[in-house]
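Just one chain is shown here, as structure tokens, and it is the form predicted alone.
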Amino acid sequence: MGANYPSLPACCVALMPSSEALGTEHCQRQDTGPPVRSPQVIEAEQRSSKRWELTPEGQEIVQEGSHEARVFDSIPAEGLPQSELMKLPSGKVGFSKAMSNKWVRLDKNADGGPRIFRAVESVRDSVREKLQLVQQGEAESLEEKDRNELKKRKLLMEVVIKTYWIRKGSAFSTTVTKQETDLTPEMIASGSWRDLKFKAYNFAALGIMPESGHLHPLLKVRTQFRQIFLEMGFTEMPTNNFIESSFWNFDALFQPQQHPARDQHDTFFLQDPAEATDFPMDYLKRVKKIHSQGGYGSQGYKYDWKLAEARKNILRTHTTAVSARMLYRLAQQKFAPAKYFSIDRVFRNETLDATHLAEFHQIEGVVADYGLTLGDLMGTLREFFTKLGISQLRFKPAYNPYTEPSMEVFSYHQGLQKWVEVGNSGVFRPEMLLPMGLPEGVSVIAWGLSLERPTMIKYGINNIRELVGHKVNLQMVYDGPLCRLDA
């Protein structure tokens, strides 16, 4: 863009060639976008025009004739079997049109099967003549019904051409001057603002999105789990006690005091306060009896149950301790069927690996009613996991001190390419329920699963330490999509 820049008359050009009309390099114009329409620099008026063009099939007909004419020319004086005619490239379409034009006739009783004969001596290929007029730019000479017929046969198409009428604007210039966006104290002090051009304010602009917090994937999935439980009619249990006594965490669940899970290798014990003191004593005595002597048709474990062991405070190893408290509370009133759930943190002295942490979130569901069976448990689990979008499930028999029968639940992890345990389940034993005071005949089915592993499956995370802990990529948290657990 030099001093000998050509004058810019009003002209009609397409949008992309406007750089040539303005005498500028394309690289100087390609980022103009919306400003091209700015009335201050240039004015652009969009205009549209229409014209008729031949389709590839229409161009073929101009060269070789219409389908019906080609069919007519292919029929000899003695006729042609219909089966042979249909094998021709234009056979099917041409035969139909030729019959409509009464150019040919069909003799169904001919020897050797149906036979096609010419019905006239010669024909005029009007379709080809009309298409030739279009090719010569004389489409407007055709009647509208003829154009519509050719368009219907996909021999003709209407093309819309958009052009732009470009003129100089009131602020037209061959140089690009950067407009100021801020009025600074220096400009005011020096008075230079009088000679500067300022960019107009765009009050309709959305502006830059403010920085905000982002939900961790665990919280997103937790919200979906909670919504699913509520949709299934469950009531949320209070889980605001990370510290639990060994009595509610183990003994109330009919888990013997010499069980390996109660060792320091698997459980975190508290030093201060080291022991709990508040227990429902009548219930504690019944628990002691079922452990040491048996009862309710069970022989128990036949060992010396110690209160000192039950009083030890720990970081709860599962939220089933909360379920035990809720079931005991349910037994102290007139029994009514109940469905409870909880989602909260638990702690275990685990060896860290790609799928295990020392602390994680446990999701637990409990249903209490008369006559519940293992079939009810499996059906509830399948409905629950289907709502999570997890359909590949396997159940494996397992052992739990407080459930019988018991099952582990596995789901296939596409990232790890293997089956991963996502939960545990079972039917609570009578030795756990009857000392609480629940009526005979009441069964309680329950299941628990971690929050972390379904989240890993949903978000394609292969290592749990990339989801929780100091190795978490914060960008992953910012960019993580909404959690939609597709049923």
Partner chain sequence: MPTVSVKQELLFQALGRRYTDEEFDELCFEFGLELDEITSEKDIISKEQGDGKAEGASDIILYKIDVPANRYDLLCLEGLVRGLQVFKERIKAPRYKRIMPANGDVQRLIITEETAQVRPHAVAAVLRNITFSKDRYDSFIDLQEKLHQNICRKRALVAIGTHDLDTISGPFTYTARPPSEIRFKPLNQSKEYTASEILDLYRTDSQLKHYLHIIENKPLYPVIYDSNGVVLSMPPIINGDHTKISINTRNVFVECTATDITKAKIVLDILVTMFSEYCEKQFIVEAAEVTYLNGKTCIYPELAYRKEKVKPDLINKKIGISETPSSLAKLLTRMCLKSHVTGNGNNIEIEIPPTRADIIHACDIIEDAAIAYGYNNIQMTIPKTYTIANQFPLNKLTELLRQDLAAAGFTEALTFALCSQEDIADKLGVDICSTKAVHIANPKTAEFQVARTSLLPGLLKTIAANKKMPLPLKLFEISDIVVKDSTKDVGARNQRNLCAIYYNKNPGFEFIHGLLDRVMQLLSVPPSKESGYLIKAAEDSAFFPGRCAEILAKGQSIGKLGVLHPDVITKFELTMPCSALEIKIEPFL
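Positions refer to the first chain, counted from 1. The term rigid core refers to the most C-alpha atoms you can superpose between the two forms while keeping them within 1.5 Å. Everything numeric here is computed off the predicted structure, so don't read it as measured data.
Below: the form predicted together with the partner chain, not depicted.
Just one of Thr277, Ser122, Thr184, Ser141 comes within 4.5 Å of the partner chain in the predicted bound form, counting any heavy atom, and that one is Thr277. Distance criterion of 4.5 Å from any heavy atom to the partner chain in the predicted bound form singles out Asn349 from the list Ser126, Asn349, Ser96, Thr163. Shown alone, this chain has one stretch from 110 to 118, 356 to 364, 164 to 172, 194 to 202 that lies within 4.5 Å of the partner chain in the predicted bound form by heavy atoms: 356 to 364. Using a 4.5 Å cut-off to the partner chain in the predicted bound form, each of Gly233, Met378 and Glu408 places a heavy atom inside that distance. Of the heavy atoms in Trp248, some are within 4.5 Å of the partner chain in the predicted bound form.
Contact annotation: Arg429 falls within 4.5 Å of the partner chain in the predicted bound form, judged by heavy atom distances. Not displayed here, the partner chain is approached by Leu372 to within 4.5 Å at the level of heavy atoms in the predicted bound form.
In the predicted bound form, the partner chain sits within 4.5 Å of a heavy atom of Glu383. Contacts with the partner chain in the predicted bound form, taken as any heavy atom within 4.5 Å, map within 321 to 338 to Arg325, Pro337, Ala338.
For Ser292, the Cα coordinates differ by under 2 angstroms between the shown form and the other one after the core has been superposed. Positional change of Asn241 between the shown form and the other one stays under 2 Å at the C-alpha, relative to the superposed core. Once the rigid core is overlaid between the shown form and the other one, Val422 counts among the residues whose Cα shifts by 2 Å or more.
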